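Just the one chain here, the form predicted alone, laid out as structure tokens.
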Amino acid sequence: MSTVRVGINGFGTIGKRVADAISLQDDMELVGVVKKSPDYGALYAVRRGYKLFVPDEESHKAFEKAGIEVAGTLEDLLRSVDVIIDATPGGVGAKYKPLYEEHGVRQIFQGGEKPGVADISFSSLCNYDEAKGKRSVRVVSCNTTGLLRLICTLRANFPVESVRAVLVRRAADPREIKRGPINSIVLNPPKLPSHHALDVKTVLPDLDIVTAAVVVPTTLMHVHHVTVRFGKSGITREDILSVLEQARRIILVSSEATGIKSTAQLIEAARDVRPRNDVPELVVFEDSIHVEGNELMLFQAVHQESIVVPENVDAVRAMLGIASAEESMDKTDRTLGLSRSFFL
């Protein structure tokens, strides 16, 4: 198949990262990005050489006033692409879906949309092949992506019986200046279970999983405490370490070896080696891994700004059937610089 023409509607935290990732793929062409406001994000798109589109004529006038040239409207972009990746705020993508359908383009939505917006929910490690031939796919949220990476890695090697997880969620992305809490830990939601388990089950419907979540005053990352019960005993900590050390898109971080025992230190380490200090991998704190009987417990960290980026790239290939799961993930990981250690 010829190069896949991709457009991105929404150029915020996720959209700009996905745009950069798509631009690195030799089997994809980034046709353009849609930006609503002529702000610093639009200037970044211009510096990167991305063609800018706007959602409507009102936005067009705002860009003209700011002296920023645009290539057309969203509808103009839709006439020129095979796939549109919707990275608009949660709930907005569903409103655009009829327009996408009208133009006959395949659609990739983000986890902020309800599962019904797409034919399937998607996680590269769990159900890549199920996306083949689908007209629409929903890449699950950052927290769900993190949980699924761990769970599907473990299920490929051990008989996972159940999962229980407590999520300590960041309150907002760094650029979101109007969100809280400021001095509180908020139950999210106060009634159990939280919605994250239900989101995991959109990909793994047979999994016994329950989650709880709180929101805390930080912008850096989410942290999960995960308990996995196996269907047999005799699995050792060394067995878990052996699997996770070789796992795709998972980094094991030892506080003893690196001094890292917090999300702040993880981001600081990433600043030294990564663009935008992104961590697209799931980070598992090695020292926290504890196995007792047939239960595994550990802490893991999720960089909410970047963890879903590789999945968006893979979803394009999966829908069009232009690469196997291994081929796609190999190419995506190589082009994005994913590794099993910050320090390799």
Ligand code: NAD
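Quick caveat: nothing in here was measured; it's all calculated off a predicted structure. So that there is no doubt, residue numbering starts at 1 and follows the sequence shown.
Form predicted in complex with the named molecule: not shown, discussed below.
Partner contacts here mean any heavy atom within 4.5 Å of the named molecule in the model of the complex, and among 267 to 275, 154 to 162, 88 to 96, 186 to 194 they occur only in 88 to 96. Heavy atoms of every residue among Gly15, Lys35 and Arg170 are located within 4.5 Å of the named molecule in the model of the complex. This chain appears without its partner; in the model of the complex, the one residue of Thr211, Gln110, Thr263, Gln107 with a heavy atom within 4.5 Å of the named molecule is Gln110. Residue-level contacts in the model of the complex: of Cys142, Ile251, Leu78, Ala118, one residue has a heavy atom within 4.5 Å of the named molecule, and it is Cys142. Looking at Val308, you'd find a heavy atom of it within 4.5 angstroms of the named molecule in the model of the complex. Residue contact with the named molecule in the model of the complex: Lys132 places no heavy atom within 4.5 Å of it. Contact annotation for Lys232: none of its heavy atoms lies within 4.5 Å of the named molecule in the model of the complex. Within 4.5 Å of any heavy atom of the named molecule in the model of the complex lies no heavy atom of Gln300. Shown here without the named molecule, the chain has no residue in 115 to 136 lying with a heavy atom within 4.5 Å of that partner in the model of the complex.
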